[in-house]
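Given next, in structure tokens, is a single chain: the form predicted on its own.
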Amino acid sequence: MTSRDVITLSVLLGVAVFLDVALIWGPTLASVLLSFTSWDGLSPIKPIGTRNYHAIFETYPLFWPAARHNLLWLAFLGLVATPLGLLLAVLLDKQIRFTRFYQSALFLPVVLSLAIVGFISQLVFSRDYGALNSVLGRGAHPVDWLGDPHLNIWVMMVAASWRHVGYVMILYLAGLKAVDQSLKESAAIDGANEVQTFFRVTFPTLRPVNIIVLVITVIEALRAFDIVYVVNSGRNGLELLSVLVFDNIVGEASRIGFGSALAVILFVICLGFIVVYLSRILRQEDQ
């Protein structure tokens, strides 16, 4: 490379690395360090060791319900929304009539932010003016879909899945296009039916896509925030770890050290799922 090429490459790479460190790893490291302190953003930072973590696990009443909701969110996206997205991708890959229209319609929610999905959910599930109660004929005795703490978490997961399904569908559609058709033809010649061909031939070739979908599903489940915050500020049955982080750092409490400890716990949970799965996949590939 010429000197000009080296300078250009160094500048472009340097800017990317700087932004990555400044916007991602810098704040991450700062959160880890602040999690061992007591700080309200104004007074001097006071080191307190692991007291924030002890308080979270032992005396903070909102932590365990929020953790359960996040795990439930992850299970719902992983066991309901993701398989549904895969099913739609398989159906659309058959080039049925109006395939392009169905793809566009199902992908449309993906371009919406979760905050917008939350506002749409209020129009559908609201107790007083929601469309669902009108369709079900419950105008006289409406169901409080968003106010009942036994129902609202399920309603919000359905709303989030509306967006997640379209994203998963597009990823699997791209993966299905890359599957060698000769493999399917060979399986058909050997007497395999359509279901057997999918699970024994097609699905194993989608392993790279499966890894991407898993990582996206874990991140989407654990970072969920805006969709519940626009409904009722993440309270009354909609507590999530991300909401607790926001309330403690940005809210009236201004417990930045405590909120940073919550953020570190959320980061470790997210990283744990991904690392365990990826290490398992890499071990299988080495064998």
Partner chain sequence: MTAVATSVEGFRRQAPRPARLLLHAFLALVSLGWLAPLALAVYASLRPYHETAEDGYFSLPRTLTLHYYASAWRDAELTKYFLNSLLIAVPGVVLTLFLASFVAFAITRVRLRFGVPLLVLFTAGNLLPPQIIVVPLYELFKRVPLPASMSDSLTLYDSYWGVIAIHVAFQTGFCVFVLANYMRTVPYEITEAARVDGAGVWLQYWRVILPLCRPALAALGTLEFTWMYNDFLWALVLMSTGDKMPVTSALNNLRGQFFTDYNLLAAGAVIVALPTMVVFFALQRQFIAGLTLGSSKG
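Residue numbers count along the first chain shown, from 1. Rigid core (definition): largest C-alpha set, two forms, superposition within 1.5 Å. Everything numeric here is computed off the predicted structure, so don't read it as measured data.
This protein has a second form, the form predicted in complex with its partner chain, left out of what is shown; the following refers to that one.
Classify A67 as contacting or not contacting its partner chain in the predicted bound form by the rule of any non-hydrogen atom within 4.5 angstroms, answering yes or no.
No, A67 stays farther than 4.5 Å from its partner chain in the predicted bound form.
Do W162 and its partner chain come within 4.5 Å of each other in the predicted bound form, heavy atoms counted?
Looking in the predicted bound form, residue contacts with its partner chain include W162, since a heavy atom lies within 4.5 Å.
Is D190 close enough to touch its partner chain in the predicted bound form, meaning at least one heavy atom pair within 4.5 Å?
Heavy-atom contact with its partner chain at 4.5 Å: absent for D190.
Does P208 reach its partner chain in the predicted bound form if we count a contact as any heavy atom within 4.5 Å?
Result yes; P208 sits at the interface with its partner chain in the predicted bound form.
Scan 156-174 and write down, in order along the chain, each residue with a heavy atom lying within 4.5 Å of its partner chain in the predicted bound form.
Counting only heavy atoms within 4.5 Å of its partner chain in the predicted bound form, the contacting residues of 156-174 are S161, W162, V165, Y167, I170, L171, A174.
Does the distance between the two CA positions of S113 reach 2 Å or more between this form and the one not shown, the core being superposed?
Shift at S113: 2 Å or more after core fit.
Core-aligned C-alpha movement of L136 between this form and the one not shown, 2 Å or more:
L136 C-alpha, core-superposed: shift of less than 2 Å.
Is P204 among the residues whose Cα moves by 2 Å or more between this form and the one not shown after superposition of the rigid core?
Superposed on the core, P204 moves its C-alpha less than 2 Å between this form and the one not shown.
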